[in-house]
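Presented below, as structure tokens, is a lone chain in the form predicted alone.
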Amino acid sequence: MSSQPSKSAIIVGGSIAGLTTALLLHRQGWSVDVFERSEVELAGRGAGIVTHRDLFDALQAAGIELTADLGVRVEGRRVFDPSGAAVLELAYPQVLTSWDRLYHELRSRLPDECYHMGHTLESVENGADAVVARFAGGSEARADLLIGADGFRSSVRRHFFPDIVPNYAGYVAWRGLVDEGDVTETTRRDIFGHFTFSLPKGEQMLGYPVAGVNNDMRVGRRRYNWVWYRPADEAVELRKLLTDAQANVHELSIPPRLIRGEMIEAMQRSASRSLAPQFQELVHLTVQPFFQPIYDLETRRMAIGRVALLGDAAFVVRPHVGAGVTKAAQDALSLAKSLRNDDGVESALLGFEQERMPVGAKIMRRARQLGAYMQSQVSTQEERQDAERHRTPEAVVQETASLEFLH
């Protein structure tokens, strides 16, 4: 790495996408500054993360050593029927990790002087020779390149494409984490070695083991991450879910602590009626379940002059492919490779865009196909065909959290 960086980058967003990008460019000799809107260290964002070979490639390029404690390894997948019997099994070795684990691996490798918290982007000046980011409070930064890695609610994307907004998919994902030590011995034997499923009509429950508190990987100290996809009509059911105890309706999502108790209780009653007993136990053991409305979002461009968009700032895809973090990491790797050439920033960004736009679109199409049967309304012939094709237990087990369709 050069001791006198000749190029500089502003990275808006200090989560996994932004950190991966920062480390890759830093290792190539760039001067990088990451600006995160949160005023406190990020922690506990999301829960479980499914890993893929493509993710490992990007992490290794960013300087992350892939050790055995990166995540929990499972050897296969298992579907439970309503009685709790395992009715389908598939050998499918995979490593499941957590947001916290990856975040701390990345954050610990970036020099503290490169990471700036409490910076909310207000505007971007995309000039011919440089780009300027201006933040709330009057501070600004100038660099050769600005990267929008600021996720689902991207301020960078909104600056250039204010008309691109999330499109609600017609269902929500309830989520939770349960400590291994709280789970009964019978359920522990059934689930902790597997990626598991319960498939009520028109819904999907899945779960897998992840590290415990403080990334503890020891047997007995791990946690089980569960996700329950359920249809919710936008006008009535979703609005009720997004309304807090003070009758405030939240836009797009609601903080877990503000979810009304009656909404959680209704979800728990539904679990008792429709889920396999193993998942009923997990739901009722969860101290603070939360939910996420499922959205689609697709940008028109990933390169705008000296500005690049990557990760969820460019494509927000439904979680069924298990590709959110991997997609962001591969975006970052592609961007870094494009910038290695001395063809100029704008030319490099166009090459990056040409490579990654089709990939983002392909992942989005696949995720829509996998989620079609859970939508509250299936309106087109294509959606009906997707729903029929991907609703069988065999299809769910083979295609969920798999990137084989990309290769």
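Remember, predicted model here, so these are calculated numbers, not experimental data. A residue's number is simply how far along the shown sequence it sits, counting from 1.
Omitted from view is the form predicted together with a small molecule, to which the following refers.
Answer option from 199, 72, 259, 325, heavy atom within 4.5 Å of the small molecule in the predicted complex: Here the answer is residue option 325.
Option touching the small molecule, based on a heavy atom within 4.5 Å in the predicted complex, out of 58, 372, 345, 50: None of the other options qualify; the answer is 50.
Residue 27 within 4.5 Å of the small molecule in the predicted complex, heavy atoms: Result no; residue 27 lies far from the small molecule in the predicted complex.
Interface membership of residue 42, the small molecule in the predicted complex, 4.5 Å heavy atom rule: Yes - in the predicted complex, heavy atoms of residue 42 and the small molecule come within 4.5 Å of each other.
Contact test in the predicted complex: residue 36 vs the small molecule, heavy atoms, 4.5 Å: Yes.
Touches the small molecule in the predicted complex: residue 155 (any heavy atom, 4.5 Å): It does: once the small molecule is placed as it appears in the predicted complex, residue 155 has a heavy atom within 4.5 Å of it.
Contact stretch among 144-152, 79-87, 299-307, 159-167 - heavy atom within 4.5 Å of the small molecule in the predicted complex: That would be stretch 144-152.
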